[in-house]
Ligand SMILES: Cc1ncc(COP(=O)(O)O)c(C=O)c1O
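Form predicted alone, single chain, as structure tokens, below.
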């Protein structure tokens, strides 16, 4: 019998291609044999398990200090965590944040990480046009399109999404630009790892202010800063917040502690001007069962106050060390086939573009690494397959109707976060064999 599904329900019955692909690998993934460069998990060594256990024990043993830590929290978030995040932004000067600026801003904790805030925004905002960068954050952009939004992905440059290119697209839309809903920019792009430069960041904020005035309604810009605390290149430009530099613009910054502390805490937050949008976000959080578990919020607050500076430094150093080794190996092992390499300066992704070799899920390259060529010499005997290498094909990272569709067929995202360095280098060796195989078969 048919269900009376909403548009989102109808579009969600069949999993997205990338989710389907990852699920098929996960069902029979062999630890110690196969290598997963596709999953965006943090490295287990970066999670301060002993400290978290110690802090959790302290919270449980002191109910007079940490009141109701095992009960429900509130819709906006635990006051202690909200204050700890405010203090941390100011004390560390994140984005150039000052006490004066932070005092006029509101901070809201999501129910389940930064993703839950993004999900809430898809419900709060009227479906219309969303401007983002290409390559795009495929998980959220796919979600937006299932919700009825039209995503327009503008090709990024070395400094990220250029506001001049965005303005050109909006001008080309003509009357259709009146359907603009919001701008969505990942400041350290997932998948490409490109870091948004300050010039472009401020220009995009000014563009949001300009189009809000032109359309007579707020067209906010959401800066997703999931990886911004993980800029580990010592020569990289230090990010400045548009909330500080362009205070008149409708800017909202989405942050998370998942990448620098522990994903399981599910701490995501949004900072921006108090008002209707924040009120709607708090109500949405209340509707789904309040903000993140209060115990997790109390743990995060203690970690922010006592240990976060050292924790962030340690995590950045670890990923920097891995990025240098993996980056060198990429060029040494895959160099002759490469057209372009992005990333490696922040977060834990490299984004590769090959000169000719296709990387999509029906390509010879993909078949070799997934051991689905049908040739036992390549795949291995049944029940004893050769090692498989999982990556995210570029076909899922670019908009299927966008400007870089063809180029995406030759691209892939490689994570150096989850697997240990020696496994990543081994996987690059298998990729070299896959490139040779694809050349031979062509």
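Residue numbers count along the first chain shown, from 1. No experiment lies behind these values; they were computed from the predicted model shown.
What comes next is about the form predicted together with the ligand, which does not appear here.
The candidate spot formed by 115, 256 and 259 is fully in contact with the ligand in the predicted bound form: every one of the three has a heavy atom within 4.5 Å. Heavy atoms within 4.5 Å of the ligand in the predicted bound form belong, among the stretches 322-330, 178-186, 273-281, 294-302, to residues of 178-186.
In the predicted bound form, the ligand sits within 4.5 Å of a heavy atom of residue 137. Contact check for residue 266: a non-hydrogen atom falls within 4.5 Å of the ligand in the predicted bound form. At a distance threshold of 4.5 angstroms between non-hydrogen atoms, residue 132 is out of contact with the ligand in the predicted bound form. Shown alone here, residue 228 lies farther than 4.5 Å from the ligand in the predicted bound form, counting heavy atoms only. Among 357, 285, 190, 241, the residue placing a heavy atom within 4.5 Å of the ligand in the predicted bound form is 190.
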